[in-house]
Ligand code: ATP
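Presented as structure tokens, the chain that follows is alone, the form predicted alone.
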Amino acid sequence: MAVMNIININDTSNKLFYIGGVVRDELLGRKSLDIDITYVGNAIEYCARFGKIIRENPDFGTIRVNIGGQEVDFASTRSESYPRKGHLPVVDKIGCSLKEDVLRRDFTINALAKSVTTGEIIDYTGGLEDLKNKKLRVLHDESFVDDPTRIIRGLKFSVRFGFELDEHTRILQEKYLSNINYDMSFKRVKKELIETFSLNSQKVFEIFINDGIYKLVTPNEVKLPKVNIEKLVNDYAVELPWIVYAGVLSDLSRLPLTKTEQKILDDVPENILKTDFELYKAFENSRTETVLLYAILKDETGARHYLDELRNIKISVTGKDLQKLGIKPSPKYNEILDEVLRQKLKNPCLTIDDEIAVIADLFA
């Protein structure tokens, strides 16, 4: 963690600490991109002495500043509470003690602090022992009640680091999943799903289904599909891998989906498509994510056939060519062009002259 050397901050007060993922990753020998620093006190007031302020949030006591050409995020120590369980917390106090700050976090392995000045590791929760034993442990029994998305984060961490929930944490998780409060922030649920499923891990998804974590999204029963989604996503690169996984749940009505995400789901055919023409017409204006969901939910063979062999087939004739042939514009155009498409799907080698011959045969 050479960040302090780069930005040349002389902290003689020993109030600057790395907290959370950056400490965890260093102790695990992993590279971390975080440059987040916590100040025991009011970080906004502390950073007033430094360079250009880029952004600040007084409500949460956070500030981003430019120091020596580098952007650095500082956070005030703060304590929080959850007046509405499952929703965003409210800040009770800015400038609290370091111990109060770490106790608001999700797992003990993310509650470790390291002094910027001395390099000393501060461990109030037993995180060092849990790192050694590869255990994920929440800090208190109401942790999942306060923030159910911690269950999804626990899944993400368990697979990324090869850790397991400790026995008591697993009991707390099972207890919550058996009696879910659906009055929660589904914007936060979606964010965690995106981060977790973007790992593109079949193991993650199997645990997500088998352990009932999917119930955070829908109360409807979901069974693990036979298709290996990880392999499917690897074979056909997509922009939104998370929706391919989440779409298996069918009911995503609680999540705040974008128009693009909703269209991906809506475009999945309800029935199995039996012919090349049906496959082509169903997916010609759809995203690859839709085709992969069809593969998972309906017919993998047909979906792969479309993606591997059909989707790049294009007919050459257009409406202008039909006019040149003396065919007046009408709804009949679509029928004619569809017939040309049928023949081209049967024989992709057809030239434009061959396509025109197909049209001539229709009017012979």
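Predicted model, so just to flag it, every value in this text is computed and none were measured. Throughout, we count residues from 1 along the sequence that is shown.
Another form exists, predicted in complex with adenosine-5'-triphosphate (ATP); not displayed. Remarks below refer to it.
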- Query: Does the trio D36, D106 and T149 actually contact adenosine-5'-triphosphate (ATP) in the predicted complex, every residue with a heavy atom within 4.5 Å?
  - Reply: yes
- Query: Tell me, which of K263, K85, K281, R160 has a heavy atom within 4.5 angstroms of adenosine-5'-triphosphate (ATP) in the predicted complex?
  - Reply: R160
- Scan R188, K134, K93, R287 and let me know which has any heavy atom within 4.5 Å of adenosine-5'-triphosphate (ATP) in the predicted complex. R188
- Query: Heavy atom to heavy atom, is K344 within 4.5 Å of adenosine-5'-triphosphate (ATP) in the predicted complex?
  - Reply: no
- Close approach of R153 to adenosine-5'-triphosphate (ATP) in the predicted complex, 4.5 Å, heavy atom: yes
- Query: Would D267 show up as a contact with adenosine-5'-triphosphate (ATP) in the predicted complex if we use heavy atoms at 4.5 Å?
  - Reply: no
- Message: Taking adenosine-5'-triphosphate (ATP) as it sits in the predicted complex, is D354 in contact with it (heavy atom to heavy atom, 4.5 Å or less)?
- Response: no
- Query: Based on heavy atom distances of at most 4.5 Å to adenosine-5'-triphosphate (ATP) in the predicted complex, which listed stretch, 301 to 309, 320 to 328, 24 to 32, 54 to 62, is the contact stretch?
  - Reply: 24 to 32
- Item | Within 194 to 213, the residues that have a heavy atom no more than 4.5 Å from adenosine-5'-triphosphate (ATP) in the predicted complex | E195
